[in-house]
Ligand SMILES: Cc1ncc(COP(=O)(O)O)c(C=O)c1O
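Just the one chain here, the form predicted alone, laid out as structure tokens.
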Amino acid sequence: MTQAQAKSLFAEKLAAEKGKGTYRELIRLEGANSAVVSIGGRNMINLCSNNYLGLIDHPALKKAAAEALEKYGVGAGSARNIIGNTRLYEELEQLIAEFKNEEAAVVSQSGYNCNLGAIPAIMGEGDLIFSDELNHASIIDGMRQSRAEKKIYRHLDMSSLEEALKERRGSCRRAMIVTDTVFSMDGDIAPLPDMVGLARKYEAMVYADDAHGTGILGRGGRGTVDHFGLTGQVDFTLGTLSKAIPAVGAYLSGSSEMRDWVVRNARPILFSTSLPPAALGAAAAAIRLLMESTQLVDRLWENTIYFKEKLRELGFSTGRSKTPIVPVILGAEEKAVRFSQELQKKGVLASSITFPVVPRGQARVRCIVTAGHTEDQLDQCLDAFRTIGQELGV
């Protein structure tokens, strides 16, 4: 294929996306991705960010990042297994293990990379993975890479999971139940106690992707496993270092043997350059803040409860949400897109989520509340929802 033919091919693909209405221009931020963002010289209240605790521009994190950069430079210069390992990596992993009350943790380059590497390092041919039908794409890709068989169960349906375990457990060498803990489109929470019970009954392991639970649920943000009082009973827990902890990267916590195996066998760790020192320093500073005080987590939940209650008083449905992820269910795709556009006109940034990301008839404007929002900012958002809702007949 010539360069001109390749260009024509992508032009056709882009035109098709635009024709379907699925093409989106990238938003360009002109500052930190905090509670209020600057876009095109205009300040907007931000309900799109995973910066749950408002730490993205916290002085302690910036100081720690600057100190790490000054000592170690701007990059790692190597994969970790060659010469990309530093004291920062090992100190961060020890800190995470202490925070999570686990034996050990291993840090990876991102949540996606962690699932893509860890799941195949744990499971393989002859094994069977039981997966929630709404699990994240990184889990799906990790299962594919593992070459283990997979069995999908209905979303959060423990009867469906047990039926699958009962039917298939005897046919495989090892079994593992894999789930998101907090689902990013609906903000609902996996019933981990029931999963752990079924895992014990059918001799299976449990792998919990706590990307949207870390820093949010549990004592001082220790996560969904802690929230349910299951510390030490979930075999593998993934957490990100790019959401509530707002740097970059992810970790998998569990046994020390798991840590030693994964760091030497997860392909993204072996074949990608290590995380930059500034990210490691900032992540460690964020975890220390969480270990010192629950103030930010408490503030996050105060804001979440306030915003949800006010939305419901206005007559909006927030679906199954039990977390700061607040989907405002509007139904029709065009209505959700229009609602999001009208919010932007009023200085509020909230994403429209439509089919195929969510089922038809379940289109929504997804809002994410953070500890960084003030009550006045949330009230401005609520005023915008009320006005637009009246205009659009929602």
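Keep in mind it's a predicted model, so treat the numbers as computed, not measured. All residue numbers refer to positions in the sequence shown, first residue = 1.
The same protein also exists as the form predicted together with the ligand; that form is not shown, yet it is the one meant from here on.
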Based on heavy atom distances of at most 4.5 Å to the ligand in the predicted bound form, which listed stretch, 79 to 87, 105 to 113, 189 to 197, 122 to 130, is the contact stretch? 105 to 113
At 4.5 Å by heavy atoms, is each residue in I56, R299 and T370 next to the ligand in the predicted bound form? no
T231: heavy atom within 4.5 Å of the ligand in the predicted bound form? no
Contact flag, P246 vs the ligand in the predicted bound form, heavy atom cut 4.5 Å: no
Would S242 count as touching the ligand in the predicted bound form under a 4.5 Å heavy atom rule? yes
Given that the partner is absent here, does S146 sit within 4.5 Å of the ligand in the predicted bound form, heavy atoms only? no
The single option of A211, I216, A118, L275 touching the ligand in the predicted bound form, heavy atom within 4.5 Å: A211
Answer key: of H227, K151, K308, H136, within 4.5 Å of the ligand in the predicted bound form (heavy atoms) is H136
Need the contact residues for 177 to 210: heavy atom within 4.5 Å of the ligand in the predicted bound form, sequence order, or none if there are none. D180, S184, D209
